[in-house]
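Taking the form predicted on its own, here's one chain by itself in structure tokens.
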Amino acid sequence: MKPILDVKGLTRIHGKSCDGCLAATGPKVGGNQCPHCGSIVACADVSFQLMEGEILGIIGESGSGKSTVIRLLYMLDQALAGGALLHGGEESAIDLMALNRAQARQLRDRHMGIVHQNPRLGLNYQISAGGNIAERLLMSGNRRYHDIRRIASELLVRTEVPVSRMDDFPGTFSGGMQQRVQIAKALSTRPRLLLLDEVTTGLDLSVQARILDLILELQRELGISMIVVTHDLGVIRLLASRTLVMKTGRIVESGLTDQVLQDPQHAYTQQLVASAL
């Protein structure tokens, strides 16, 4: 398999930062706030590869930096240091961290997708479910009404949203159905890379199970590379072939998911696994 994403040294600090931020924070000192300047090291020196057709998991407690990594990769925040090369397609590798706002928007619209924990971040509640999908298709360059309507219908069926509700507003849907509409919207452009940020948090267990089964089925069918961010080890166990463990902004352990969960090497990973038993 070839890598579709190559991340090296990704670093993000909230605050003015100083020369001592990185040395004075991290797992060894048990915190991510710099004692010298008060800045928060959201993530530091994060490096990994994502292979074509792979689902990579990132786990860690709240504040571990996992969602920051997702925001950086989707170019919603700016990195202080590091790069992320997106491979594939006809063009050469693209450094996501080097793009300006217009270039980032164009790349997101055509080649990337994201599903947020809170559907309000991923859906426009002022337009219909079908309109949300159409909006993304229009931004990617598809201008034909009948094609857009057909694709929207097919995606809603595929994500188990009744086509009869295509013209309903997302606010009238249940939480689980809103997540399915988000997934349909994200997949509408057949992205190379799909980012999933705590997509099952707050949903009933039965709804969680259906969402996870849907994600796994779609990934196997479409071969889309995915990064799944969660604090739920059950989600990681079901979806991810490889897993990164983050604490206070750093990766403390990585490997095949079964190995990481069954024989954790880092004390923090051992703690996470033990707390889930």
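In case it trips you up, residue 1 is the first one in the sequence shown, and so on. Keep in mind that this is a model prediction, so the values were computed, not measured.
There is another form of this protein, the form predicted together with a small molecule, and it is not shown here; the text below is about that form.
Residues placing heavy atoms within 4.5 Å of the small molecule in the model of the complex fall in a single listed stretch, namely 65-73, out of 205-213, 65-73, 232-240, 45-53.
By the 4.5 Å heavy atom rule, the three marked residues H14, N32 and E61 all count as contacting the small molecule in the model of the complex. The small molecule in the model of the complex is approached by I40, whose closest heavy atom lies within 4.5 angstroms of it.
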